[in-house]
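Have a look below at one chain only, the form predicted on its own, in structure tokens format.
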């Protein structure tokens, strides 16, 4: 089990090195996909590895010439890495309309990346204001645009059979990750939050077939283990936010060291990534469109107005018998910032203790956060 976990950490610790090494070893192509809703299955069916774009491990330098400092850490870090040539191993990149900051990325890469990727695509995955036939028709056209693009890059036709096969491979991986989360809920403390996040993050960077085999090996061992005894009185919390950015592993460790057990999460590099499967039917492109149009998990980047993100979190708290919610808000994230007041109001109305922690790409001291987390534990203890 330790050997498999170390493999996950190796991949997630230096994604550039691991993905580039995979490409060099296999001779296959790689496409970087911007989080959160681009259907990776279409790229996979063209025999190309889709790797979810991540923020780099270094401070932003040259990227400041292309994006303002009030952009989120992911966009600034990504552009910085691209213009410095650190992403030159990527054969293509795919972006989509998810927020105002993401709209310009394709054009910056087109003009300033060194070298420019062979294939660049900007999809307009529409806001889900409703679920009308015309919206679905438009969405299908966008997915077909992606299909034609990756076919041109790979020289391989994406057939109904190959796409359905990729959908099944992705669904299997999602199912295994859900088993992992079920284990965490049933046996709190079995794995650290940082371990679970790394296991999910590595699934965004590795071929799903390889990742699933590793997961099967580690799940078999985990299901036989008993968790260590949690600190007496540890508070059960839900961690939410970080819509497309990796939370700091040190921050997750600090939460647990402050007398809390992270019983579940509402993170993109977490439960959001594998929450829903794609139905396998006669028209896989339509099935992928249907997956995008589903209303759970509630996603502020989709313009969803019929459901409230706060209600979604309240349901998660109730299902897990949690004591409170910790929101991790990426600095300058417009979708999260716009929704946050409504989320906070809903949690307050439900009497659920809640704390907001602002995070960013640049390294900052965790000491003030440590003090605030200690106070949050006291609030939850006083409420009990």
Partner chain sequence: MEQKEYKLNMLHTTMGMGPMVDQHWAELRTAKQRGEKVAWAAGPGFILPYAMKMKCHFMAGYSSYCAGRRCGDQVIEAAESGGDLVDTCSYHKLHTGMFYAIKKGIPIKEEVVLPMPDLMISARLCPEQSHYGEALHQRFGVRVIGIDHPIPRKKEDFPKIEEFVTREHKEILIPVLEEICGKPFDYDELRRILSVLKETALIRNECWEFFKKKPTPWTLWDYGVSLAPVIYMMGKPEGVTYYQKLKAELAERAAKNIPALSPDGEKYRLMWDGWLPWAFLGRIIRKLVRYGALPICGRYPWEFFPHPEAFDPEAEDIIYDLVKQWYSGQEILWHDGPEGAVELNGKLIEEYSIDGIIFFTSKTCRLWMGQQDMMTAIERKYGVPGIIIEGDMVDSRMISDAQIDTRLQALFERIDGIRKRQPF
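It should be emphasised that the depicted structure is a prediction, and the values quoted were computed from it without experimental measurement. Positions refer to the first chain, counted from 1.
This next part talks about the form predicted together with its partner chain, which is not shown.
Student: Given the stretches 98-106, 160-168, 201-209, 277-285, which is the single one in contact with its partner chain in the predicted complex, using a heavy atom cutoff of 4.5 Å?
Tutor: This holds for exactly one stretch, 98-106.
Student: Any of the heavy atoms of residue 64 lying within 4.5 Å of its partner chain in the predicted complex?
Tutor: Residue 64 belongs to the contact set for its partner chain.
Student: Check whether residue 133 has any heavy atom within 4.5 Å of a heavy atom of its partner chain in the predicted complex, and answer yes or no.
Tutor: Judged by the heavy-atom cut-off of 4.5 Å, residue 133 is in contact with its partner chain in the predicted complex.
Student: Report whether the minimum heavy atom distance between residue 156 and its partner chain in the predicted complex is within 4.5 Å.
Tutor: No, residue 156 stays farther than 4.5 Å from its partner chain in the predicted complex.
Student: Answer yes if any heavy atom of residue 59 is within 4.5 Å of a heavy atom of its partner chain in the predicted complex; otherwise answer no.
Tutor: No.
Student: Is its partner chain in the predicted complex near all of 306, 331 and 338, within 4.5 Å of a heavy atom of each?
Tutor: The answer is yes; 306, 331 and 338 each reach its partner chain.
Student: Among 297, 189, 126, 149, which has at least one heavy atom within 4.5 Å of its partner chain in the predicted complex?
Tutor: By the 4.5 Å criterion, the partner-contacting residue is 126.
Student: Out of 245, 271, 71, 77, which one falls within 4.5 Å of its partner chain in the predicted complex, going by heavy atoms?
Tutor: Selected residue: 71.
Student: Pull the contact list for 139-177: residues with a heavy atom within 4.5 Å of its partner chain in the predicted complex, in sequence order.
Tutor: The stretch touches the partner through 141, 142, 145.
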